[in-house]
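As structure tokens, the next two blocks hold two forms of the same chain, structure 1 and structure 2.
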Structure 1
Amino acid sequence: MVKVLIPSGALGLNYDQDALAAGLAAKPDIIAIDGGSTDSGPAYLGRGVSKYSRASTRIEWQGLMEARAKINVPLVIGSAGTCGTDSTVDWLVEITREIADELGQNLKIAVLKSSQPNTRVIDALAKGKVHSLPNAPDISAEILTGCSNIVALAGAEQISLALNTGADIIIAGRTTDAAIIAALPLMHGLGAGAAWHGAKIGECGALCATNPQSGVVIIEFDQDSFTVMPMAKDARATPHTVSAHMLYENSDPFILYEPGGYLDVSGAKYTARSDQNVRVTGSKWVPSERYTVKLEAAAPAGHQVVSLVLLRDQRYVENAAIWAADITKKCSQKVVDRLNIAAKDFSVELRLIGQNASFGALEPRSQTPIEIGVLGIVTAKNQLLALEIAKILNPYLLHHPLTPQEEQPTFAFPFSPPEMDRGVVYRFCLNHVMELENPMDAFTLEVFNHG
């Protein structure tokens, strides 16, 4: 039997202190926590920085380092610093050293890095070792060269090697969310189906329970099953909350792909073991013929300036889409004429906040709000050009009438000046996997003592 304690869905989201204490009292074999993902867009990966504040990360990580020391088990984090680049791994290593010095802890630390040299992926692409996933964008050596950061998602094999070093703390770059939880049960020879399924359910902590904000859960693995045990007194795992988590960040509720194979839960059974815990059986692991790791990459997509204006006149609110389309067309043409640049070298976009800013033409609901916020987004090849275009857009946002014959309206800018620089913006470049001969071919592992 193996018990894995997961304090929360990600370091930086906080966790319930009482629930953590209850989790420690249950004597887990390891503490595992995720550091982030690509959920918040490509900028963090593109820039190689953390989404979460350093102060929050430091406080929560110190709490987990203290918890680890109390029960003397390994503490592992995957996707360190949100995106799991080498730079964010180094960032968390620095924080770890600071905390260890303050607490007087002597530690053995294993550092697993996932960043990929652009040339490695370009070479793999040329050798036919990079394979597209569904709806993957076209890639080329030129596109890969332009990526500011590329990472490979480590699986259980790489985490297992780090654990085998006997390290007190394992700080890993980008990993699959489930890998850091599945590794120890797999190392103990427990069933792969249960190991991967339990890891998937526990990846976001108490999100698989009735009190998601409490954070802390224990997944208890035995040979061919696992049990989900929320640690907060007011949190309950039910067959519904547990089974539903297979839909979280996963397009197929029955299949989950991981390095080396896939999890099939179509035959899984969810049974309430008590009012608070759920036992799961029948999960199946299907090994693949080749070992692949998913790749993530981001590249600069231009420089951006945004402006915000508010529409409250009912006629303009009702006709905001027509008004915005007319501005976009006329402003774009003026930019081409006055700046002597091609239309492909910039973009002007107006998003109607309060009407359809999230889904655009796909918005299924229709109603007339009291007011609409219009977000102007200008993207160009450099910041000065983006700002120049945004200033050409400015008069349209402030005074543009619906028809040429009517009097000139005036709208409201909430800020002066309304133009706000966003700097470099990024785009995702890859939805591919890379084939490896050996699971460590795309990763590095360093072990050192601190203190």
Structure 2
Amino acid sequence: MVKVLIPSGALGLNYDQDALAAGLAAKPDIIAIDGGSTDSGPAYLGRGVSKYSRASTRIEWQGLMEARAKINVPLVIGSAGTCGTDSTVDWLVEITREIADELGQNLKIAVLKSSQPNTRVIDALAKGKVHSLPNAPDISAEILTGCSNIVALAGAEQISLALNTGADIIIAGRTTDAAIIAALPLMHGLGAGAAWHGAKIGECGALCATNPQSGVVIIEFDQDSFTVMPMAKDARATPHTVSAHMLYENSDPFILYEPGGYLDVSGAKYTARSDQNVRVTGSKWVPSERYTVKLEAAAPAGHQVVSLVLLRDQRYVENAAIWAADITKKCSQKVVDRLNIAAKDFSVELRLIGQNASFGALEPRSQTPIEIGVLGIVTAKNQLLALEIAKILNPYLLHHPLTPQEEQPTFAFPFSPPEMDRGVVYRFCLNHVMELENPMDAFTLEVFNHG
């Protein structure tokens, strides 16, 4: 039997201290936590930085380092620093060293890195080793060259190698969410179906139970089953909360692809073992013929400047779409004329907040709101150009009349200057997998002692 303690869905989301203490008292074999996701957008991967504050990360990580030391089991984090690039792994290693020094902990630390040299992926593409997943964007050597960061998602194989070093703490770059949990039960020879299914259920912490904010959950793995045990007093796992978690952020609730195969839970049975715990049987793992890892990449997509102006005059609110379309057309033409650039080299978009900013042309409802926030979004090749265009847009947002004959209107800017630099914006450019001969071909493992 292997018990994995998961303190929360991600480092930075906090966890309940009492629930963590209860988890430690249950004597887990490992503490595993995820540090990342693509869910907050491409900028983190594009820049290679963490989404969460350094202070929050440090406080929560210190709590887990102290917990680990109390029960002397390995502590593993996957997708360190949101995007799991080498830069965010180094960032968490630095934080770890600071905390270790303060606590006087002597540690063996294993560092697994997932960043990919662009040339490795370009070579793999040329050799036919990169395969697209459904709704993948088109890629080419040129597009891959332009990516500021590419990561591969490590699986259980790479995490197992890191655990085998006997490290106290394993800091991993991008991994699949489930791999850091599945690795230890797999190393103990337990059934792969239960290992991966239990890992998937546990990867968001107590999100698979009532009181999801409490965070802490233990997954107890047996040969061909697993049991979900939330640790907060008022958190309950039920067959419904556990099975419903397979829906979460998955396009298919029965199949989950992982490096080396896929999990099929269509035959799984969920049984209440107590008022709080659920046992799951019947999960199936189907190994694949070739070993692939998923790739994620982000590339700069231009520089952006945004402006915000408010319409409150009822006639302008009623005719905002016409007003905005007229401005977009006239402003774009003026940019072409005055800056001598082609229309394809920039974008001016006005979003009408209060009218259809959520869905654009797909918005089926229409009614006249009290006021409309007009978000002007300018994107261009460099920041200077984006700011120039935003400044050409500005007089329109301030004074543009619905008809030429009426008195010049003026609209409400909340800020001076109205233009706000957003810097470089990024786009996701890969939804692909890469074939590997050996699971470690795309990853590096380094082990060192601290203190």
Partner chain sequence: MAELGKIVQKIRSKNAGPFWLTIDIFCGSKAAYQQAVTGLSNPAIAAVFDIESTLIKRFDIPDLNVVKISLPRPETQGAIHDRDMHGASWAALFQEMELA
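Basically, rigid core = biggest C-alpha set you can superpose within 1.5 Å across the two forms. Not measured: the values here are computed from a predicted model. Structure 1 provides the reference sequence; residues are numbered from 1 along it.
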Structure number of the form predicted in complex with its partner chain: 2
Core fit, then N211 C-alpha moves 2 Å or more between the two structures: no
CA of M65, rigid core aligned, shift of 2 Å or more between the two structures: no
Rotational displacement of the smaller rigid part between the two structures, which moves against the larger, in degrees: 9
Distance the CA of L362 travels between the two structures [rigid core superposed, Å]: 2.8
